[in-house]
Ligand SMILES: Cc1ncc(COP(=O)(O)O)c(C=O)c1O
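Single chain ahead, written as structure tokens, the form predicted on its own.
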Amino acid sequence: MDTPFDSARTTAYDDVRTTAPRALATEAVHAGRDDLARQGLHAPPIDLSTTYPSYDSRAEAARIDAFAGDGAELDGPPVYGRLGNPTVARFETALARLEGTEAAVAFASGMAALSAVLLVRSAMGLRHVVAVRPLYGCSDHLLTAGLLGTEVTWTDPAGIADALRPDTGLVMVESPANPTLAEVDLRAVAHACGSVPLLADNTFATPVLQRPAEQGARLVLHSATKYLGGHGDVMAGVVACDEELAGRLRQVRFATGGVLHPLAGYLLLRGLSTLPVRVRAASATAADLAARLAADPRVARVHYPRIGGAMVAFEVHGDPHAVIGGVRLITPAVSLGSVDTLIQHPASISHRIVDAEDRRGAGVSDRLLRMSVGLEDVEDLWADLDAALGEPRPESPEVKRLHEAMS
């Protein structure tokens, strides 16, 4: 299945032998690994060290001073795990190349990554955030509760420009959004932001389907736990951005300790190598299932994004909890983006922490189910869904009379 980035090209910066642009699929395999052959290695090594020997304390003092100044990555050998790790750095290099940004900074979770962004802006006296619902439930809660001293104004995309204030430090959107898969015009939103940085949560789309930085977003957020890892066995977050903001994010990561474990960095780098193949295969199955659900009388409404993707949301006429309890092949569980298909009821779990009125106002109805489609055969998945949806919904008397009249 073709995607918008089948012909996308990015540039390899750190391999002196490579000067020609490379396709996204090629970058997914090789970015972050360009130096391995020169070292006589094939698979990337895992560096589990927390600290490193240093015999030149004067030179180390100068490097620490430089980091304290602008948060630039340290030249030379590593110093300490909170300042950076070589394995994690490989993943950051690769993700930045895939998103088309100057840099990327990895964290222990997606929420740690978002928290770091908010702390960076708050430290500059820019505590106000303009945000568009729906967002991931915990992102919504973090903003609404003001846990980091932020103040949020919720608006629709058309109201962003009017919602900006002198102390606005960030505009945040998620597209496709969790869990309704609503989309926004990122280029139009970025224009409305003016000089205020736009943060786009790209977790659902991944750089395979869209690259928000090319449309004007200054920060691109991922819960790397999802598609970037891709196998349900790693928790992480990452922000792709320009080097200026990356430096500040590294300083916050160092100070707060929200670092990514090296083993997680290794798994994420490995996950990126199959990201385009996984996303495209799962998206093809998801589009098929979305079409079947849309034609099913037991389903009231189907949400599937224009850009495609492996997420499907649908509202049922019957009891959504019965569907959750009725699946056998599909796993009823939170999270998404794994090789196996997951389903959950957002109003009960992922968005339960959002005020019920706000939740429904954002389109998260009590009958909505969110499904993350994996790599299983589409017929097996449909058989499981068909059984879980139960008996076909009886025809209304009006529809029945119409069918009899036409027969």
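For clarity, every value in this text was computed on a predicted model and none was experimentally measured. A residue's number is simply how far along the shown sequence it sits, counting from 1.
Below, we refer to the form predicted together with this ligand, which is not included among the displayed structures.
Enquirer: In the predicted bound form, does every one of T203, S223 and M235 come within 4.5 Å of this ligand, counting any heavy atom?
Expert: Yes: each residue has a heavy atom within 4.5 Å of the partner.
Enquirer: Quick one: find which of 325 to 333, 92 to 100, 203 to 211, 239 to 247 has residues within 4.5 Å of this ligand in the predicted bound form by heavy atom distance.
Expert: Comparing against this ligand in the predicted bound form, the contact stretch is 203 to 211.
Enquirer: This ligand isn't shown here, but in the predicted bound form which of M111, V184, A72, V299 has a heavy atom within 4.5 Å of it?
Expert: It is M111.
Enquirer: Which pick from T150, S139, S283, T87 sits with a heavy atom within 4.5 Å of this ligand in the predicted bound form?
Expert: Of the candidates T150, S139, S283, T87, S139 is the one lying within 4.5 Å of this ligand in the predicted bound form.
Enquirer: Hey, in the predicted bound form, does N178 get a heavy atom within 4.5 angstroms of this ligand?
Expert: Contact with this ligand, yes.
Enquirer: Taking this ligand as it sits in the predicted bound form, which residues of 52 to 88 have a non-hydrogen atom within 4.5 Å of it? Please list them.
Expert: Residues within 4.5 Å: none.
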